[in-house]
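Next up is one chain by itself, shown in structure tokens, the form predicted alone.
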Amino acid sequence: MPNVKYAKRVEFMKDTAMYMRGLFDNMTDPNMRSFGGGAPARSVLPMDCMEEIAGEVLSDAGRGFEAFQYSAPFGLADLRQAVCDHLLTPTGIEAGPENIQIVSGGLESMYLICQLFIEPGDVILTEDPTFIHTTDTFKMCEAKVIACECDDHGLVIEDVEKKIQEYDAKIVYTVPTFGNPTGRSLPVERRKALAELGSKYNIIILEDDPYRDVRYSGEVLPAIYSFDKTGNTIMACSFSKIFAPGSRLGYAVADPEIIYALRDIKIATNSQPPGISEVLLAEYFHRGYYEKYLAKMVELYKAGRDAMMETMDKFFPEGFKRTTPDGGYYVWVEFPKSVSTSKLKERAQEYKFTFLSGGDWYPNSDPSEHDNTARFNFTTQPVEVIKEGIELIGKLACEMAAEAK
């Protein structure tokens, strides 16, 4: 092993990095039927239309030169316009291409924003639990992550304001719609209040909203960004959930001044988004495929969600609690304290099923304090596998609960 000294940030992110290694190992193990990842179903990936689009546009007579050459650090102009037309305007967000930065995957927005705003030791407030992959990024940038109180509807605004004052926080991070990992959605009045806190304390409200368009039930909720009056809210979204993870594309929506600053960080990082993916995605929107595939996605995932919740209610042990997500990818479960989900996961893996134990998703707690929690994904597996796997996991959990008595 080389006798070299790593940067301090590697130590700061050690625990979350180790967890993320295991997460990706589970997602990519071909022998495991996983409820642990956050991937789209194979059947909704737009491979057939991409075959058609790629053949036409990745040629010298089409958009080949544009795709294969260096391009604008902001991202392709027509893709930024497509984001406005197809994703923002329909949800009541007033924005133009000048408000859009195309990024290399949704998480790059978090990295660029941290590079722009965060000094070592600065505080970022999050939900409790929160998206562990993002906390990995925050810790890499040497931020201190502080969790805020949450209830069944998400962030408790009074506690957020208290902690803004207590820690002189720089950023409040939230996944407000079908949140990761819980599936909960923040009510309208709390969204408005968060935007107002950003203005009042002159801090950034970072609205991570990659699941917003994948809705199965309930009323469409306005974005936090739509309530912002001072440019203190930044929305970060990904195309991984509504197009394809392999495209490595996402976008940020912000005040033009912030977008220009993010562009400078982007240039210093990797110059531009992946041009081939950008051209293919722009054409995907222009040719009307997005709405068609979104409808297909919603129909399929709703069936998976319903099957998962129904099977949980039938086979999970007495006293368990779960969320009822109106969209997105996940159901969050709290088992009785007698059920250790880290041990339950080990037992399930003997039968080639896996999921994510939830203890590590609480930023300021020892994982053992919440070892009765778990995140289950319902988008990747077909309904019959969901029913089989959740029934098995439920029976194993019941056995564990009985053993503890």
Ligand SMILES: Cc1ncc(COP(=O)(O)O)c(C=O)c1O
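These figures come from a predicted structure and were not determined experimentally. Throughout, we count residues from 1 along the sequence that is shown.
The discussion below concerns the form predicted in complex with the ligand, not included here.
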Item checked: Among the candidates Lys241, Arg305, Arg212, Lys170, the residue which, in the predicted complex, approaches the ligand to within 4.5 Å (heavy atoms) -> Lys241
Next item on the list: Taking 4.5 Å between heavy atoms as the contact cutoff, choose which of Pro129, Gly327, Gly154, Gly106 touches the ligand in the predicted complex.
Entry: Gly106
Check: Tell me which of 291 to 299, 81 to 89, 158 to 166, 247 to 255 has residues with heavy atoms within 4.5 angstroms of the ligand in the predicted complex?
Finding: 247 to 255
Next item on the list: Using heavy atoms and a 4.5 Å cut-off, decide whether Ser340, Asp371 and Ala374 all contact the ligand in the predicted complex.
Entry: no
Margin query: Residue-level question: is Glu278 within 4.5 Å of the ligand in the predicted complex, judged on heavy atoms?
Written below: no
Item checked: Any non-hydrogen atom of Asp228 within 4.5 angstroms of the ligand in the predicted complex -> no
Margin query: Please tell me whether any heavy atom belonging to Asn180 falls inside 4.5 Å of a heavy atom of the ligand, as the geometry stands in the predicted complex.
Written below: yes
Margin query: Please determine whether Ile224 contacts the ligand in the predicted complex, using a 4.5 Å cut-off between heavy atoms.
Written below: no
